[in-house]
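Take a look at this single chain, the form predicted on its own, given in structure tokens.
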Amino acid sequence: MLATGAGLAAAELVVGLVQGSSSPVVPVGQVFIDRVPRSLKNWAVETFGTNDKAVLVFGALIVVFGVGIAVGVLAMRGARSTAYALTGVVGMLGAFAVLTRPEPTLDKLLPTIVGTCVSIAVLWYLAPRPASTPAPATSDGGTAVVPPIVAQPMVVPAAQPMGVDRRRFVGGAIGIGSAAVLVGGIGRMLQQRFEVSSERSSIALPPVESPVGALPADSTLPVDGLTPFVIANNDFYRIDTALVVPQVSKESWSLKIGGMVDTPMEITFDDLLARPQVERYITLSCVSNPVGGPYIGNALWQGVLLKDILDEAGVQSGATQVVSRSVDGWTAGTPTEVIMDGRDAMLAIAMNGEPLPAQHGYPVRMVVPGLYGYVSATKWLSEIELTRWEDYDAYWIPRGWSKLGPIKTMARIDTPRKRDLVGEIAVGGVAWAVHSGVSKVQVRVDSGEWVDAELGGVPSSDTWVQWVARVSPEPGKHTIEARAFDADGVPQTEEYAPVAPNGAQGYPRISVNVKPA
């Protein structure tokens, strides 16, 4: 355990010294995420929610330390060479994981190499040595010559005992453990140099040429327990495959646009700031959001219309798919016609009036109204390639998800949260039919008659809407359901479906107990 901890601490120090490198646990965890079956991914999100990455890191550390314990047992039992070899194998697995990530370099391999070498050195220092057996001495202080024994039966010698200098071991363990804590802490502090928080705070957002204007006065209904119309940045859901949030400086960032275009382009962050800016309220949703789930949010986004940039590049005939890539290698495939149909698909640089938070894609991300994030909302955007729909499958498609990902019409019940109630009940929540718009929300009690809900105001069809309905059930236990209708009057589907492969469906429902007044 000491050798493993010292190796990880040394790796953290290297990460703090070498920009762009990462702890060995991170690339191994990313490989695990990339290879995990869809069913296990769904289980992790449903069980741990947005804490799934922390659970994965914790689990990876348990495995690493478990291997370290096994190595230590081998070393204590005299199999030092095997212990060194096993440590080297673990290091090679970490190096292999690094090599599978985008743009592998020696800098990115350094933490794994240094950590492995330090672990082997600590093993060598702390592991016991074979105990030496002194030769018999003569009376005059010389070494006695022992005559050979002839014609005796062969005797198998006992295993040579391992000598453990307890004082040396305890002293070394305390010293190495203390040094590991200190080195790891210094490494963590040094890593803060590469974070983009200070850079974000220094950015002056350019003025918006196409402002969204004020929200309707009734966008927020006066009902306790409703989800806010605009979700604060820190409360906005985060679902992605990045085990560690990428820290991408605007100075080094650029966006390459290529593939089936007439004029390949490369855009810098300053180029984006100089282009006409728009701002729009847009609701984003994750395909992993269950019925009534939390993985959806509405925010004010600012950026540059993607259609304008693609028009400048010149989309060639037959380019039916826009493949967007993140700096960590994640990809999304978006129908070209969706981006070019006039909706406010954008390269976003700001969220709710401030530069994008790192966890939400700083410095630049994609936002496309009406599509689930896995086919549109690429964070930490680095490349756009125009290609044909049949020529490329983005990240989640080979893993069993649908290639098209339109957001389904849904309602969610946010209130009441108490289940024991008296008298009239205000049932409320949010509903969405992104890029179509919600025309109506209805509520029913115990499969009875549907009751129309009051709808809040919205700035466009690209956002969710608050709603509230008031019902007065008789005393007793009841089940309350809700449903939403899109702009064409089509209701959401009652038949239940899980999140895979193209989003959950079904009526949200709650159970309440109405007590006599």
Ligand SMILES: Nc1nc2c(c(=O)[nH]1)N[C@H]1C(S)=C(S)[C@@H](COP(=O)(O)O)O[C@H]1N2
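Bear in mind that the values here come from a model prediction, so they are computed numbers and not experimental data. For every residue, the number given is its place in the sequence shown, counted from 1.
Not pictured, yet referred to below: the form predicted in complex with the ligand.
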query	finding
Contact flag, Asp344 vs the ligand in the predicted bound form, heavy atom cut 4.5 Å	no
Contact flag, Ala377 vs the ligand in the predicted bound form, heavy atom cut 4.5 Å	yes
Partner contact for Tyr84 in the predicted bound form: the ligand, 4.5 angstroms, heavy atom	no
Non-hydrogen atom contact Thr415 with the ligand in the predicted bound form at 4.5 angstroms	no
Stretch from 205 to 213, 320 to 328, 272 to 280, 249 to 257 whose residues place a heavy atom within 4.5 Å of the ligand in the predicted bound form	320 to 328
In the predicted bound form, the one of Pro363, Gly94, Gly428, Gly373 near the ligand [non-hydrogen atom within 4.5 angstroms]	Gly373
Candidate from Met265, Ala350, Leu305, Cys286 lying within 4.5 Å of the ligand in the predicted bound form - any heavy atom	Cys286
Stretch 233 to 250: residues contacting the ligand in the predicted bound form, 4.5 Å heavy atom cut-off	Phe236, Tyr237, Arg238, Ile239, Asp240, Thr241
